[in-house]
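Listed next as structure tokens is one chain, alone, in the form predicted alone.
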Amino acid sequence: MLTPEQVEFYEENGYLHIPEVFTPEEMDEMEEQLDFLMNNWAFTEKGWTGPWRLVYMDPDTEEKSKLTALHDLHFYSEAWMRAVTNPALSAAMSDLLGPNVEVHHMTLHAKPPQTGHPFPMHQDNAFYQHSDNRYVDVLVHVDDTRHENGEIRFLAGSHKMGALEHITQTPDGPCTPHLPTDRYKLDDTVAVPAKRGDVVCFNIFTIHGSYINRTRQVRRLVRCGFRDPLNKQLGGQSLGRPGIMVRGLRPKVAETAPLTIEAVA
């Protein structure tokens, strides 16, 4: 699926834009079913917390800023189950991760119009910690992105620093994990705008963020997490839950038992 040059770019920079992974017809169905999920299952709330909000937004905008989200769309929608198991996408993940690829999770991040939630600089590893970087996050673009609606932005090569400590506590209590705003700045990042049907993928350790959506239309991205099944999760979202294999096989190592049908507490 990917050229050697694309793989080399990903390994050097920690991110990669892959155009036209999904056809317009596939996107039409994914968008139709996403509308249903947003109207019936998703939740809209203040979003990520922390002192970073008043660095990224003035007080009036900060008060209005919201985020619409939903986890694991493939549990709700046939079209999104096909999306996460798409053969071209699975092949691309295999080029980056190796022969065996497991789905870890899927999450909708929709920025509402005009005051849609910005994201502070962070690594996704802070939200679902893994033992190494054999983990690729993929942003499926339901809408075209650009500066005005808050395209994804990366600190190129930052994945080479490994897992970083994030701010999770403030004098007012716990907050959403983020990196110090005085050390890690959106102004230093590379913008990666993309078109509907494109995907932008990045390493679990790559530092990234985005600006606010200032347009009159919603900006919708769906994040899919893929990993080598032997990359052990240490904490966070979907801990202890096996995912479906979209490429290759789940290797058997000495200490592992067969998967259980019992719910994991």
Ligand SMILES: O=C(O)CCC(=O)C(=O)O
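Owing to the predicted nature of the structure, the values given are computational and were not obtained by experimental measurement. One rule holds for the numbers: they count along the sequence shown, beginning at 1.
From this point on, the text means the form predicted in complex with the named molecule, which you will not see here.
> Looking at heavy atoms inside 4.5 Å, which stretch does the named molecule contact in the model of the complex, given the options 84-92, 177-185, 145-153, 161-169?
Result of the contact check: 145-153.
> Is there a non-hydrogen atom of Leu96 within 4.5 angstroms of a non-hydrogen atom of the named molecule in the model of the complex?
No, Leu96 stays farther than 4.5 Å from the named molecule in the model of the complex.
> Within 4.5 Å, heavy atoms only: does Arg227 come near the named molecule in the model of the complex?
Residue-level check for Arg227: no, no contact with the named molecule.
> Give a yes or no for Glu102: in the model of the complex, does one of its heavy atoms lie within 4.5 Å of a heavy atom belonging to the named molecule?
Heavy-atom contact with the named molecule at 4.5 Å: absent for Glu102.
> How about Ala126: is it within 4.5 Å of the named molecule in the model of the complex, going by heavy atoms?
Close contact is absent here: in the model of the complex, Ala126 is far from the named molecule, nothing within 4.5 Å, heavy atoms only.
> Quick one: of Val200, Met27, Met38, Leu221, which gets a non-hydrogen atom within 4.5 angstroms of the named molecule in the model of the complex?
Only one listed residue qualifies here, and that residue is Leu221.
> In the model of the complex, which residues of 100-133 put a heavy atom within 4.5 Å of the named molecule?
If the 4.5 Å heavy-atom criterion is applied to the named molecule in the model of the complex, 100-133 yields His109, Lys111, Phe119, His122, Asp124.
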